[in-house]
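First, one chain by itself in structure tokens, the form predicted alone.
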Amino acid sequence: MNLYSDEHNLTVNLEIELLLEAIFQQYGYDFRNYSKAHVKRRLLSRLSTSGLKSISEMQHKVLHEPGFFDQLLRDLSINVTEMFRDPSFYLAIRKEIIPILKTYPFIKVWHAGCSTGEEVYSFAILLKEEGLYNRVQIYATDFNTNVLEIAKKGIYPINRIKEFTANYQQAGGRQSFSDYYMADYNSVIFDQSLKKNIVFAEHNLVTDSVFAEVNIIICRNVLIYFNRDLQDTVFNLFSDSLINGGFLCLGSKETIQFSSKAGLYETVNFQEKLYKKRIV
């Protein structure tokens, strides 16, 4: 048994707790209940490239240099996304939820943790193809203002278009994917009409309250980075935001099964974790 190694890990873990508390007190961003493994991995990665000797040194830099904190905020954000990510998710929505949404006169969508926006535009395209876009309002939110700025522009690297096109086709796309963007040198610019009914806004799932009363919530690849208590807090927020009969769409990697709110929902699609809030 390596006592030094154990003591070192305990010290690092304590330093991380103090850093996260300092971030919350100074900037209002609360990472204290994020997955410890995720946070530790991101912080140690930044430590190795920053020339700092310890997490305690990092804390001093975070508190006194807002520019460094912005850099660290990007490290702690989860911004892995793509157009029509996990195509089976969109195919399931198209087949099992869209027919019900078509019976509504107006639809409000909350895309929580929207990152750089690729999945928001994906859903907008799906709604457009199903003839629903003109009666929908999409609220796309994230706590990271840097990724929101990218999302608002709708401009992405052209080298990802082949991958995006394949996803679109597998998701049941009905047109040529190239109809939705214009190529410009090394980038593609998505059709400005897709933005017409999208509102991008800053919202923190950890610290903020109900954003809007909506018919459908999409939140994917976010909750896996939260511990169980924080997941429950977010599910409470979602339940308060969804109308009775509304849909919660999580994707295959997350589940509401172990939440205290699980009883409020019936399963629409087990594989893609699509749920419908019971009418009570």
Ligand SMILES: C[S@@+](CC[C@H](N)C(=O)[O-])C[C@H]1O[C@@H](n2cnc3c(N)ncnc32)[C@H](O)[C@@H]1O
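Given the structure is predicted, the values throughout are model-derived calculations rather than measurements. The numbering used is simple: start at 1 and walk along the sequence shown.
Not on display, but discussed next: the form predicted in complex with the named molecule.
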query	finding
Heavy atom within 4.5 Å of the named molecule in the predicted bound form - the one residue of L205, A92, V136, V188 that qualifies	L205
One residue of R85, K195, K128, K108 in contact with the named molecule, assessed in the predicted bound form (non-hydrogen atom, 4.5 angstroms)	R85
The named molecule contact at M182 in the predicted bound form, heavy atom, 4.5 Å	no
Heavy atom of F226 within 4.5 Å of the named molecule in the predicted bound form	yes
Residue contact check: Y34 to the named molecule in the predicted bound form, 4.5 Å heavy atom	yes
Exercise: S115 in contact with the named molecule in the predicted bound form, heavy atom 4.5 Å	yes
Listed range touching the named molecule, judged in the predicted bound form by heavy atoms within 4.5 Å, from 136-144, 152-160, 93-101, 174-182	136-144
